[in-house]
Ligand SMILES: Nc1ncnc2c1ncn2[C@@H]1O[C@H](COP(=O)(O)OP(=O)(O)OP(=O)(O)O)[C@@H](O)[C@H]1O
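The chain that follows stands alone, in the form predicted alone, written as structure tokens.
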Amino acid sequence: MDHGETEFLLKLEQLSIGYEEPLISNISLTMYPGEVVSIIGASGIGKTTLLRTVAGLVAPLEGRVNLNVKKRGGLGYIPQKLGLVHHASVSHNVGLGARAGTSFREGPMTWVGRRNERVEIAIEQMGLTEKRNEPVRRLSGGQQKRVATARTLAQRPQILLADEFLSELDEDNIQIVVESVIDYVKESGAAMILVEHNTERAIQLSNRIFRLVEGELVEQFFQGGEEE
């Protein structure tokens, strides 16, 4: 795809990641607005570490992560361990994302109004309106996944990282979550990296797919749902 003069949102340059010893080496990847990239591969070989490195939670062993974001809260992350405040309500948790993505420079009334609007929209998108005042600890695992997704959507990031965020969801809720997230990426011009164990789903969601193979990130090409 020719991106012309479009500015990249994320560029990984000769990146090696891991903790003392590299799990993945020589990663080079550039992402542009509206793109969805899926990372597939066996468990325990570095997919989560890659997302954590892009998110700035793990330092790269070599190379560089270049984020081209221009707003507060420009990177959003839905981790496997969701990081929710379990004693607090759904609304409070989603509000943490909205706070991260709005600026005090807009003035206090504008800031509060925009934050509250983002919270309500994200909760509705995830089908959680009736649960908005429920403590997160009372929700099922799948509902908690949707809270974490709503929190990130309320943040309105330019780069979205999602680690198996569709696990524990039934097919109806997968459809709800996928439509909301993909619509957000397209409408906002964000970019998304998705770690996904379901190859068929990765094909449906993504512009590009990469597989972790023997410590390298290798782009995969599929024809009619089958790997070439």
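The model shown is predicted, which means the values in this text are computed figures rather than measured ones. Position 1 is the first residue in the sequence shown; the rest follow in order.
Keep in mind that the form predicted in complex with the ligand is missing from the display, and what follows is about it.
Shown without its partner, this chain lists 169, 176, 45, 159 as candidates; in the predicted bound form, only 45 has a non-hydrogen atom within 4.5 angstroms of the ligand.
Residues with any non-hydrogen atom within 4.5 angstroms of the ligand in the predicted bound form fall in just one of 25-33, 66-74, 199-207, 45-53: 45-53. Although the partner is absent here, residue 80 sits close enough that one of its heavy atoms falls within 4.5 Å of the ligand in the predicted bound form. Contacts of stretch 131-167 with the ligand in the predicted bound form, defined by any heavy atom lying within 4.5 Å, are made by 164 alone.
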